[in-house]
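A single chain, nothing else alongside it, follows as structure tokens in the form predicted alone.
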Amino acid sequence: MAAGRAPILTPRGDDFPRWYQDVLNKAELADNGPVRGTMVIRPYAYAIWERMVAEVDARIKAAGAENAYFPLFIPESYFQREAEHVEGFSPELAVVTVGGGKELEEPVVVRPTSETVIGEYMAKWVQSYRDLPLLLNQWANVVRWELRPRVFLRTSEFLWQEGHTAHATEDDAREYAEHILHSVYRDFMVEVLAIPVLVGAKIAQERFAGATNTLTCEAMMGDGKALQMGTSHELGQNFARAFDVGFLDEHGEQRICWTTSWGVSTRMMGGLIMAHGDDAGLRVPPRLAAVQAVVLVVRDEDGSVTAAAGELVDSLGRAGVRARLDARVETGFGRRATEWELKGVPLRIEVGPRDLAEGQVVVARRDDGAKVPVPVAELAARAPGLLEEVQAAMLADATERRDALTTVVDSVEEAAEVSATGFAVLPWRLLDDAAIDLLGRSAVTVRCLQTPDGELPGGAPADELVAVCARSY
């Protein structure tokens, strides 16, 4: 629990959804858009999203994928080519039938995901085994007509990246899908977001429409519910057959490609809020934070404190710290401190005339509220280490909470009970269709299948796997 001024938010324990909405509003993160289900991302939140994009994009490029861009509008006929895909997405499609004041010859779908249009172009670009693997990614917006919208978590339009790859063999496609899940998604979520996600495979009923296997990163939120943070899909040859994505192998024989797709979205912003937020507002892990430290002028009568604070911001910048100056002394110090606490900035550096006279500043940590005096001459050197301490503490805190709210059970009834406030882990062999339906009546789903040591199922026998069950967003 972070120390601070009297809470101005609905306490999480009283009404978690109301608390979430309060944080969105009072930390100036997002507003509802003019069309139901859309959102406006405000500058502070968008700066955090840009950090997410930069971190994930660097990992995607390290995995060998290249960025491209594909159209927002997709011919409706493309969706008819893969039956399971169109069936899965039909309820969510936004379809344009009029353009330029005239009825369109063929309706076009506003992009809900791009397997179909990218499949069309993969078929053009792949001719030989020498063209494989083809590793593509795009950063874009997508539209899925959401019936129960919630900002960042489920919106009719959201931002994301979607990777799409084609491979010569099933093993190569599987290995790449797993590589993305581990080396891009889990690495980013654990090392930057400080969220200790679980990795596993979705059960058949929860797979992406048209996939043969869906791998997932599942996180625990502050109220014990699960949030799917990112997925990586093996598509088998389903889309490749539908769009004739084939190649001549080294023996001159025609083959069908194996494809994958994978993505994370602005849903991660919702996960950030709900996994780390407290009753004082948002808490942002330092490696992610667009503003890692705010230098706050407490009081200034002649401009000297502001000048000194500005020099501190510059020295922090030279030390690699993303710092910002707040010299709005016309606004009360308490109000400004509360604003930055709401926004979750990892370090608040308080500078006043008395502090400067003593050659020190006061550094307040957002994660635990601790305040320590630091000599002015040492601040720039010590700040990076303090930020790393905060980062590690936030991951440890989230891991401890997840572990405390995870229970190993040996019956479906226990799983339904435990999942009201956390994760239940039980043998997969206990969950037949009737048991899954029973869990569903308590709003509980199987979030993923794992090996007992928490890894992807791989080739492990089904009767050795465990199922992680929870209520979810």
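Predicted model only: the values in this text are computed from it and were never measured. A residue's number is simply how far along the shown sequence it sits, counting from 1.
FYI, the form predicted together with the RNA isn't displayed, but the following is about it.
- Annotated contact segment (heavy atom within 4.5 Å of the RNA in the predicted bound form): 324-332, selected among 180-188, 324-332, 117-125, 307-315.
- Exactly one listed residue, out of 108, 140, 291, 298, brings a non-hydrogen atom to within 4.5 Å of the RNA in the predicted bound form: 298.
- Though the RNA is absent from this view, in the predicted bound form it lies within 4.5 Å of a heavy atom of just one residue from 348, 167, 276, 85, which is 348.
- For the marked spot (147, 152 and 231), a heavy atom within 4.5 Å of the RNA in the predicted bound form is present in each of the three residues.
- Taking the partner from elsewhere, residue 92 is found to have a heavy atom lying within 4.5 Å of the RNA in the predicted bound form.
- In the predicted bound form, at least one heavy atom of residue 443 sits within 4.5 Å of the RNA.
- Taking non-hydrogen atoms only, residue 248 never approaches the RNA to within 4.5 angstroms in the predicted bound form.
- Using a 4.5 angstroms threshold between heavy atoms, residue 267 counts as touching the RNA in the predicted bound form.
- Residues of 356-370 placing a heavy atom within 4.5 Å of the RNA in the predicted bound form: 362 alone.
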